[in-house]
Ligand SMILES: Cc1ncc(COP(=O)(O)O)c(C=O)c1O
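Given as structure tokens, the chain that follows is alone and in the form predicted alone.
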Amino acid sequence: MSQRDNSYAAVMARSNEIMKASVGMDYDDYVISPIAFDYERMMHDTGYTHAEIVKIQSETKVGNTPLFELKRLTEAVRKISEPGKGARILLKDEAANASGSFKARRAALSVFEAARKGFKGVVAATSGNYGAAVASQANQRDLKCIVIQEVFDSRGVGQPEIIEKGRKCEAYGAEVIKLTVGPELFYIHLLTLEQTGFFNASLYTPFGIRGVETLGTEIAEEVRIRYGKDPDAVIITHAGGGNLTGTARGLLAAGADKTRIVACSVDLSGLHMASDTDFNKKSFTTGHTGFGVPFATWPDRADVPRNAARSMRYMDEYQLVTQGEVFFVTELLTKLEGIERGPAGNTSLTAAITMARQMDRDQIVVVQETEYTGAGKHHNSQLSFARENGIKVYVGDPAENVPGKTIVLPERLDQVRGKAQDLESLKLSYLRNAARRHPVQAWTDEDISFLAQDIKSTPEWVRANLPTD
């Protein structure tokens, strides 16, 4: 019997076959064209009702997390705002989930599905928080867990946050395969799935995204009960898009269709996330533009044939903040509100401060997640690592921040300003990416309708902005 070819090219060529076997879903069933597919039918075919997902998550210590009103921080924002401005800031404390982040919601349904289908274990490729969530859930469902993690640059140097998250995965009993940055991540992921026969607990399957929907419904229901209205805006840290997609779908399912969905990422413009030299010039492993922009402008770059995380379908605004602003707000949350949470989870809190200053006092802005902190995830560890890698860290005006060269910590709260990302440019970039996979001349009305939905636009806008190069 001939041995299967496990070369990079051969394994990549078998990717669809491997994915079908490891998820139990035939993505080909939903395909309309090289760029269009039946998204809502794919999500529906997970087969779970909202009530069933809530029950599944409650069995493994996930969901029903606290919603705090940040009264002292809100008051501090009002002091630097114009009269009548300064929205009420609420915080959904997702660190209360098993494993310490909202990703427990994604993992809970994926791991349940793996157990239901009779898989003996689960595999996840992740920088770490999701891996810890999958491992935590796998323990509670008596499944094995393998986490594949990009940890090191070519010098063998790993970021403190990634090392800390790997430690947490191992604490939950997962086998952690640690890689250097580069293209081998997807290859090793596919090879591991094929050799083990385990379930692909990808961040980007419909099961993972449906699991996050409970976060959106909880926010809508809790704000209504407490304040008698829907939140005016929900700010969501954006990387691969699952956090935003799932939360927005949950808000819509709860009828909160007037709530503004605001994405937020740390601005790491100019740093390439697949670059060995740039890898350790950032102090955030996720929640930054290195993931946020590429995944917004082409979701199907993921490790599944069709990504269920499609952020631009739901995104109304996209805010960018600097690393220094996030570190400052992390310290402020600890000092004013008495809760210490990891900087990556405070990305959206940083944008909430900027937005609250522009909103009326009777309005409500919700920060929809926090995450746990720990030795390597603490902002002081990340700042020390930045200095060791030649990044200049100083207190001043964060407008001077240059990703990969400087981290500027604000002196005062009124210097936390952030800036808006141009959504139209992202939509145009999305269309150019679509044209590379399927020539514009071949686009049908059905393709154009799909593209319009995928970027929260109209068919008329798409036709008026067809790529020409």
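A residue's number is simply how far along the shown sequence it sits, counting from 1. Everything numeric in this text was worked out from a predicted model, so none of it was measured.
There is another form of the same protein, the form predicted together with this ligand; it is not shown, and what comes next is about it.
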property	result
Listed residue that, although this ligand is not shown, lies within 4.5 Å of it in the predicted complex (heavy atoms), from Asn139, Thr192, Gln319, Ser127	Ser127
One residue of Glu371, Glu213, Glu113, Glu150 in contact with this ligand, assessed in the predicted complex (non-hydrogen atom, 4.5 angstroms)	Glu371
In the predicted complex, segment of 393-401, 100-108, 217-225, 75-83 with a heavy atom within 4.5 Å of this ligand	100-108
4.5 Å heavy atom contact, Thr237 to this ligand in the predicted complex	yes
Residue contact check: Asn243 to this ligand in the predicted complex, 4.5 Å heavy atom	yes
Any non-hydrogen atom of Thr286 within 4.5 angstroms of this ligand in the predicted complex	yes
Residue contact check: Ile146 to this ligand in the predicted complex, 4.5 Å heavy atom	no
Residues in 340-364 with any heavy atom within 4.5 Å of this ligand in the predicted complex	Ala344
